[in-house]
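We begin with a single chain expressed as C-alpha cells, specifically the form predicted alone.
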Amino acid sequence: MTKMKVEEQEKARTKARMSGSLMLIEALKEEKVEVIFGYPGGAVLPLYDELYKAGVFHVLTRHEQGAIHAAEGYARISGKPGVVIATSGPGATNIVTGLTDAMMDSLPLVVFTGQVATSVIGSDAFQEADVVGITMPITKHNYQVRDISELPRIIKEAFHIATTGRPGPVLIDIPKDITTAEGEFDYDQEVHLPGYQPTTQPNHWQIRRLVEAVSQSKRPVILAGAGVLHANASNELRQYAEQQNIPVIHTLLGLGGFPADHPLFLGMAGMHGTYTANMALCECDLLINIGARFDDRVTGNLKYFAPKATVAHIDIDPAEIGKNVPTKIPIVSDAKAALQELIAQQGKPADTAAWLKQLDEWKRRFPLHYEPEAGTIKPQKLIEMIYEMTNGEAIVTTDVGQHQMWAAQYYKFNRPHRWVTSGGLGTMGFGLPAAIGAQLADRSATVVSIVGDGGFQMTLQELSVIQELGLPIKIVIVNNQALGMVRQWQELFYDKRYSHSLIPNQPDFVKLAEAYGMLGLRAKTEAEAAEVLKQAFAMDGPVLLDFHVRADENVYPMVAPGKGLHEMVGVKACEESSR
C-alpha cells in the first residue's frame, strides 16, 4: 500500500462517524496513551464497553484514589500524561485528593469522569455531583461536554493543556448520553487557545542581567526544584553549575535533578534539610531559583529567608515569580531553555573559592547523623541499606511523614526521575499506588515503595493490583506503630500529649501479604533487616517487608514552624556524634 493511500485511510478514519465512547478511545490512540487507570460505574458503562472491544490496556485499581495516584506515579517517571477514568458521583469525588496532589506538584494528568445524562443534570439525579464546580480550583482546566461535536476538540485541548507550560491535571466531565450519541470524529484540527500561550523562551535581557549578577557574586547558590525534572534539564543544570562553579541545593521534589554525589551538591533544603543547604541559603549573596516555588517548607519564616541575597527566579509559571519571595531578576521560561541560554553566554564565573571552602567545612562538620543502637532497626540505617542493595538505582516512592524525610535524606539520588513522592499536598496513601504507575512506566526498573504503617493502611487494597499484574515492587513498611510525624510534633510542641497518633493495634502485615498472594517478611533487628532485604531483592516478584523500627526516633535536622532556616534543631558537629 502506498504512503498516500495510508494517509488517506488515516484521514478518513479520523473523520468517521462514531459514538462518543469510541471517539474517546480513538483519541487516546491518537495521543499514544499506553495505559489507563480506572474504575467502572453506571455513567461510564458505554465507555467501558468500547474499552472491552478495543483491547486497550486498562488497570482496574481497587479504589479511584488508587487509580489517580497510580497515574501520578506513571506521569512522574514517564513524563507522559497519566490517564484516569472514574464514574459519576462518588467515583468522581474519590479522585479529588489526587487531582489536588497533581495540581500542587505540577503533574500532567487527563482525567475523564462520567456524569448523569444532560437531561437530568441539576436535578440531584442518582450519583450526580457537580464535578466541574468541585474540581475547578484543583485542576489546571476542566470541561463538561454538552455537545458530541465538541468532544474531539476538548480531548485534544486537554492533552495539550496538561502537558505544556507548567504541567497539571485537566478534567473532562462527560454525561452518559454524550458517550452514546454519534458524531463526526475529527482529530486533525489544530489546538487554538488564544488565552493560553505559555512563555517557554527566556528574555535575553534578563539572561544578561543574571550572567552579570553571577560574575559579581561571591557566594552564589542554585536552588533547583521539580521544574528542572519536568523540563528534562538535569544535564543542563549540571553543565551550568560546573561551568560557573556554583553549588546546588534541591527542594524535596527536585531530588535527582543534580547528582547527590557531586562535590557541588549541598543536599536538600528546608524544614528537614541539611545544615549546609540551609546555611547556604542564609549566607548566599545570589540565589538562583530554577523551577521551584519557594514553598513554606523550603523557606521557613520568610522574614529570615535569604536575607543577604539578590534573588533570580527562573520559572515557566509567571504567577510563581515574586509570589512568596521578592525577585530582582525574573525569568519566565522553560528551565531547559533558560539553562541552555545561560550556558551559551559563557559568562565570567564568580570567584567562589572561599565560598566553596566554607561550604565544604560545613559539610564536613555538620553531616546528617543518627545514633546507632544495638538490638533494633534505626530507620535511617534501613534507608542506607536499601540504597546500598539497589546501588542507588531504584525508583523510590513514598507516602508522607517521617519515612519520607528519611528516604529524602539518606537515599542518594544520582539520576533524574527516580524519586516519586507527594510534596505540596502531603498525601498519606500516595506511595503504594504511585509505585504501580512508576513500575508500569519503567518495567525494567527496581521499584521500592517506602511507606509508613499509617499511610500504607489508607490504600493497601492496591496490593491486589500488584499481585494481579505480577509487578515486582518491593514494599517497605517503616513500622513505628504511630503516625510518626504527628507523634514527633506532639512530642516537641504539645508536651508529649500523644492525642490519637499511636497505633499499637496493627494487623499482621506478613499475613496480610500472604492473603494477597505475595511473600511477606518481617525484621526487628538490623541483622534481620539485612537478611530479609537480601532475600527480597533476589526475588522477581512483589514482596512486602515489615520493619519494626525504633518507635520514638525523630527526623533531624528540623526547623520548627515560624523559625528561620538558621534556627535548626537536632544539629550536631561530627566530633560530637558517633557518626
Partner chain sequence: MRRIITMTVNNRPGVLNRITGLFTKRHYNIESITVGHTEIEGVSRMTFVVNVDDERTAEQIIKQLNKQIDVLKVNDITDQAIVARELALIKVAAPPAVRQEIYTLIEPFRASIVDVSKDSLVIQVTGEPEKVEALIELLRPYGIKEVARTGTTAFTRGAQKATTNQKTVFII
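These numbers were taken from a predicted model, which means no experiment stands behind them. Numbering follows the first chain given and starts at 1.
Keep in mind that the form predicted in complex with the partner chain is not shown, yet the notes after this line are about it.
Proximity to the partner chain in the model of the complex, defined as a heavy atom within 4.5 Å, singles out one entry of Arg415, Lys218, Arg208, Arg146, which is Arg146.
Note on the partner interface in the model of the complex: the residue among Val325, Val400, Met458, Cys282 having a heavy atom within 4.5 angstroms of the partner chain is Val325. Residues of just one listed stretch (442 to 450, 358 to 366, 188 to 196, 218 to 226) have heavy atoms within 4.5 Å of the partner chain in the model of the complex: 188 to 196.
Remark: Ala319 counts among the residues lining the partner chain in the model of the complex, judged by a heavy atom distance of 4.5 Å or less. Contact annotation: Pro137 falls within 4.5 Å of the partner chain in the model of the complex, judged by heavy atom distances. Although the partner is absent here, Pro330 lies within 4.5 Å of the partner chain in the model of the complex, judged by heavy atoms. In the model of the complex, none of the heavy atoms of Ile246 sits within 4.5 Å of a heavy atom of the partner chain. Contact residues in stretch 135 to 171 (any heavy atom within 4.5 Å of the partner chain, taken in the model of the complex) are Met136, Pro137, Lys140, His141, Asn142, Arg146, Arg153, Ile161, Arg166.
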